[in-house]
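The chain below stands alone and is given in structure tokens; this is the form predicted alone.
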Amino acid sequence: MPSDAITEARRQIQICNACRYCEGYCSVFPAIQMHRNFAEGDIVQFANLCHDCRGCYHACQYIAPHEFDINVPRALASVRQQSWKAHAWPSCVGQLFDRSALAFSSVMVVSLAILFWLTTAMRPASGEGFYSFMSHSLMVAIFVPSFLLPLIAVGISVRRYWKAVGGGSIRWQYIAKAVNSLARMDNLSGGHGEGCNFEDGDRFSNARRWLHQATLAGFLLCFASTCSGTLLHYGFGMEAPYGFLSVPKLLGVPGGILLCIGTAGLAWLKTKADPNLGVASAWGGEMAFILVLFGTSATGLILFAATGEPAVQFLLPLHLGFVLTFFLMIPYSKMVHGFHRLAALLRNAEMMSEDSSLRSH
């Protein structure tokens, strides 16, 4: 990784470790206090453990114009962004996405939507619902590798991250702590339950925490909907389309609504946040990811509402264009932060356990 970002983050963290005013704000500061010297892997771990709530900046007495010029959110965001690129596989694709994310994702959605629309000319002789426009076998042939290959790339990226931060063996108690923290979004509570200062430095707000939870819950419900549909199709011979009271729809429709609310809200908050506390070059990539996820959920809901209408012929390719773009973006967009953050929470649970053992002896 570029040494300038690591060097600057290390300088600021050393000052934070001496001050310790923000020790109760999130998991980052207790993790910092377990060290006296900070290796590159430690800095990368702190950066990915940081949830970018920005409360520490607004509480700090050493921000500019003080000579220390402390800006921990920006310093850790810079390291975090560069760590994703450094650990991405293949790294050249990650760098391409980072340079022109909005244009890149827009071109992908439109191009893939056109390609899917062209495939409707080869529509099957029979089929119901979506399958009257595109065969099930064609969808499987396109989306299975498009889902599995990005997951392999994410797995390699997370493995590289785990090695870089010195992670050891993973135990069930670490997984339980990490998943609980991720689900509750504890690190967005500001350490006191009143929320963080992301969108407004003068007041605390839980809006970002709630919107993150809505996005996560919506994504998991949509994923569960897809899994249940796959199980019904291959396990019980029940083929789509499914009715509104079916398991896939009872999971997918609320999931899509939550995704729309969560992503739209996060995009709105991002426009209100102070750009000086983040990495300017990363703004486009982060916004592109949010908008693609919003487009995926919104077009899915519209497509469901239009079932049986002639508009399906055009809505289906657009929705599939968003879905395939989202899949292909997973290892290189901000989506990967979820996997790295879970790994960071796992590593933090491991470190806390090791520290507790040392203190007990």
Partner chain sequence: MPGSGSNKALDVLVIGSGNAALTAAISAREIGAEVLVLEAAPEVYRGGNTRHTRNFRCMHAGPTGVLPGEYGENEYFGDLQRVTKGNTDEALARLTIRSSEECYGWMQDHGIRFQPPLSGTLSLSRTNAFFLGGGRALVNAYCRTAANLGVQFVYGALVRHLELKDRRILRVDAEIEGETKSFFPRSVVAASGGFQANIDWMVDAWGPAARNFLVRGSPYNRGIVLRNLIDQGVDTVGDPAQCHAVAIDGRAPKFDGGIVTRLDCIPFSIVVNKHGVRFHDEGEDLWPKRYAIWGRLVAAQPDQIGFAIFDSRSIELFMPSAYPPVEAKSVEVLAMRLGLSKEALVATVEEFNNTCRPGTFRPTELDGLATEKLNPPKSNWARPISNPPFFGYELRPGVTFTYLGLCVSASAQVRAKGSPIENLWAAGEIMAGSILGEGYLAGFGMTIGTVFGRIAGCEAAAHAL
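Residue numbers count along the first chain shown, from 1. Keep in mind the model is a prediction, meaning the values are calculated, not measured.
If you look for the form predicted in complex with its partner chain, you will not find it shown, but the lines that follow are about it.
The stretch among 327-335, 50-58, 314-322, 292-300 whose residues place heavy atoms within 4.5 Å of its partner chain in the predicted bound form is 50-58. Proximity of residue 64 to its partner chain in the predicted bound form: non-hydrogen atoms within 4.5 Å are present. Its partner chain in the predicted bound form comes within 4.5 Å of a heavy atom belonging to residue 192. Within this chain, residue 25 lines the site of its partner chain in the predicted bound form, having a heavy atom no more than 4.5 Å away. Interface residue remark: residue 203 is counted as part of the site for its partner chain in the predicted bound form, having a heavy atom within 4.5 Å. Residues 15, 17, 18, 19, 20, 21, 23, 24, 25, 33, 36 are the members of 15-41 with a non-hydrogen atom no more than 4.5 angstroms from its partner chain in the predicted bound form.
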